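Below sits a lone chain in structure tokens, taken as the form predicted on its own.
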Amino acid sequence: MFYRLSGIHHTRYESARQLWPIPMDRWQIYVLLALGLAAPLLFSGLYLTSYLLPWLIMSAAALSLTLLMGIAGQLHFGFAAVMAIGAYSSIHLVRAGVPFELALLGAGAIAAVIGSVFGAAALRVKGLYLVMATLAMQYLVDWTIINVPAISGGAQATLQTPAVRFLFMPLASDVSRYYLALGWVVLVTLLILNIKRTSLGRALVAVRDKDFAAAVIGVDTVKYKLLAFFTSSFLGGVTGAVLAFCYYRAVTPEQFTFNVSIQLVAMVLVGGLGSVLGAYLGAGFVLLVPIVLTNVVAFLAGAGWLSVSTNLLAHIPLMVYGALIIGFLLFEPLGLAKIYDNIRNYFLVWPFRHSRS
């Protein structure tokens, strides 16, 4: 079959340590990247802006949270607040005359500093206590945005994003905004993949598995916990800015509520905790599956195959969606990425019935 280890001989450490040592894996990445670049030619503007664009941006957000929850093992239930800080900061920086490229970095830096302040709770507490600390961040940021008119303009105000240029190209069309989002999610993906292969990634994994044992072998747990919160918050802040300028183009406090934080955590868990591929799959599942189910139920009701009340009709997609999440967590607790990995491992040894150890 396509996946085969026979005939692949690594004679250098560089070839053995590359991200995708199996040729089929590399070809899959090439095909997906080519499809991503050609998407404006393959899909209409509606599908591009309503499905692909939010999926890419939320995948970047899920990847940012994966670094903190999946690799470093630190719970965070206020990540939407981090993205809100990045979104509002970028708009105010651009309005102050800062170039958009520097505004993105500034938004990430502001979100990283504030996120690290609340992440400092991880130095003393863990588990549900850390969840409460991050929840405090979510509600405190929500309250500040709503009640400080200098930030949001008021509780019911809408803050419009200014017209900007990125690398001398105006972000005026759907295609340009799509390519910015695509470039950002690819950059975050490569960063997370390489962090997992470095000494930093190994230290974060050691802190995740048992921080006391990590401290015994010389890992500075204080440093690496703060570094995890700082890096994840920086990526989340930039992602929030990209979300504001490329998708919403006008931000309100309701766009970054606690429900969004729960959705981000669901993306990471359903996709596969600590998996880069799982962030993409989880974001697609959480964002797109409810839309698909709603369209299917509406089609069945319109064709007369589903005769139920209007109230029940509106809740059927949510019921099926919840059942799917429970089913995935029951049959494969490691998420959608593990299901893909099981299929891949099957083809690695096909047609033999045993699996890789």
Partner chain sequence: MKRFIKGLAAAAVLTTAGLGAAQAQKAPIKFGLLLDFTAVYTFLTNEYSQGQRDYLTLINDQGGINGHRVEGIVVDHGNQPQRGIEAYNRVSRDGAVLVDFLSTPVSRAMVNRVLDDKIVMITALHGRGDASDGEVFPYIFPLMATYWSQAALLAEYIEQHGGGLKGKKIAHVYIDSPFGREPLPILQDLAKEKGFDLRTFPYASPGNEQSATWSEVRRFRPDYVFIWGAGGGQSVSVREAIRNGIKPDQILSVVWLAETDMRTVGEQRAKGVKRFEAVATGTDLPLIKEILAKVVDAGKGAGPRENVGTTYYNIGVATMAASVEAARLALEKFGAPLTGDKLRQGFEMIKDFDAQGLMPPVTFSQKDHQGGGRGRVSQWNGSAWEPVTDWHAAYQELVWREIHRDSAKFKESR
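Positions refer to the first chain, counted from 1. Because the structure is a prediction, the values reported are computed rather than measured.
Another form exists, predicted together with the partner chain; not displayed. Remarks below refer to it.
- Across the proposed site, Ser89, Phe230 and Ser261 without exception lack any heavy atom within 4.5 Å of the partner chain in the model of the complex.
- Checking Pro162, Gly218, Gly127, Pro170 for any heavy atom within 4.5 Å of the partner chain in the model of the complex turns up a single hit: Pro162.
- The partner is absent here, but in the model of the complex a heavy atom of Ala157, alone among Val131, Leu200, Ala157, Val117, sits within 4.5 Å of the partner chain.
- Partner contact region in the model of the complex: 50-58, out of 28-36, 50-58, 64-72, 324-332, criterion any non-hydrogen atom within 4.5 Å of the partner chain.
- Of the heavy atoms in Glu254, some are within 4.5 Å of the partner chain in the model of the complex.
- The partner chain in the model of the complex comes within 4.5 Å of no heavy atom belonging to Ser307.
- Among heavy atoms of Trp143, some come within 4.5 Å of the partner chain in the model of the complex.
- In the model of the complex, no heavy atom of Leu41 sits within 4.5 Å of the partner chain.
- Contacts of stretch 276-301 with the partner chain in the model of the complex, defined by any heavy atom lying within 4.5 Å, are made by Leu287, Pro290, Ile291, Thr294, Asn295, listed in sequence order.
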